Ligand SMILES: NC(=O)c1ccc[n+]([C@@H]2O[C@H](COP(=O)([O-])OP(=O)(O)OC[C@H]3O[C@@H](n4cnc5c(N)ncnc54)[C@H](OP(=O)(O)O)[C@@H]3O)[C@@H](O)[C@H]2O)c1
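Only one chain is given next, in structure tokens, and it is the form predicted on its own.
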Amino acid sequence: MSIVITGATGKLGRLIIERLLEQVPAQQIVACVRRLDPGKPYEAQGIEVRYCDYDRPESLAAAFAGATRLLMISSPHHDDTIRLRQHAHVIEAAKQSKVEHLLYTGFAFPERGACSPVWMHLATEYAIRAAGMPFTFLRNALYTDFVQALDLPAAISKGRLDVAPGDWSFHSVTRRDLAEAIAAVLAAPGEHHNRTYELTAPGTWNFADLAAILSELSGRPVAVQHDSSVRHWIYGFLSRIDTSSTSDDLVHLLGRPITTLRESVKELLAP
């Protein structure tokens, strides 16, 4: 058995491998990287490291050789047209390499979104289905650390969390919880074929909840202020994706409650 993971030196990839090592021997894991030097710590743990560049299709067949399971972590490229092309390279190579099971990290509830990134994820899922191999779609929710864009220390200092007007609610989760759930899927051969998991929180929170947590953690009152003059790219993105639909899939895969918003914010505020 060989579990091949692309994007192995990225934030999510590192966390997945960390969790996977708790469940399978290092010799069963292959870390695929674009640059070999950052992958050397994996070799010290007994993990095989292979060169893998989505933009170089010729590198992919060797990277995926012998893979029982291949986790394709979606490309971080800023251009979704290029991302889709890169994903097509991976899918074709996986098919040619006779990968037995292809897993893909997409975006939660993409059918309800209205922007290029979610359409790119949907198109990738369709391409994987068309390739005809067993698949698992791991649709990741919004990362809770997006709140860093709101400048939480400044909100505490002012006593006011300035946000764009709107009826905002969020099903966000931490990368660590996602990584633990994804590792659990990777470590369970045959149990998750042709399944789609919406890896969101089972409930939502809003900016009033966030302000209350900031107040509690800082010991200073923080109020929410809806301000039409607030300008930040994050609100345009949030308004075009589904941030409020929920699922119990993540809790089910974890076998425990998810990390709370309070715990996440406390960590983000830590010096």
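What you are looking at is a predicted structure, and each value in this text was computed from that prediction instead of being measured. Just count from 1 along the sequence shown to find any residue number.
The form predicted in complex with the ligand exists for this protein as well; it is not shown, and the discussion that follows is about that form.
**Item:** Listed residue (231, 35, 40, 226) with a non-hydrogen atom within 4.5 angstroms of the ligand in the model of the complex
**Value:** Only one listed residue qualifies here, and that residue is 35.
**Request:** Sort through 156, 163, 94, 142 and report the residue having a heavy atom within 4.5 Å of the ligand in the model of the complex.
**Result:** When the ligand is considered in the model of the complex, the option within 4.5 Å is 142.
**All of 54, 83 and 107 with a heavy atom within 4.5 Å of the ligand in the model of the complex** = Every residue of the spot touches the ligand in the model of the complex.
**Asked** Which one of these stretches, 242 to 250, 54 to 62, 204 to 212, 23 to 31, sits within 4.5 Å of the ligand in the model of the complex when only heavy atoms are counted?
**Response** Only one stretch qualifies here: 54 to 62.
**Asked** Contact between residue 183 and the ligand in the model of the complex at 4.5 Å, heavy atoms?
**Response** No, no contact at 4.5 Å.
**Message:** Quick check on residue 76: any heavy atom within 4.5 Å of the ligand in the model of the complex?
**Reply:** Although the ligand is absent here, residue 76 would touch it in the model of the complex, with heavy atoms inside 4.5 Å.
**Item:** residue 9: touches the ligand in the model of the complex, heavy atom cutoff 4.5 angstroms
**Value:** Contact check for residue 9: yes, within 4.5 Å of the ligand in the model of the complex.
**Message:** Check residue 175 for me: does it contact the ligand in the model of the complex (non-hydrogen atoms, 4.5 angstroms)?
**Reply:** Answer yes; at least one heavy atom of residue 175 falls within 4.5 Å of the ligand in the model of the complex.
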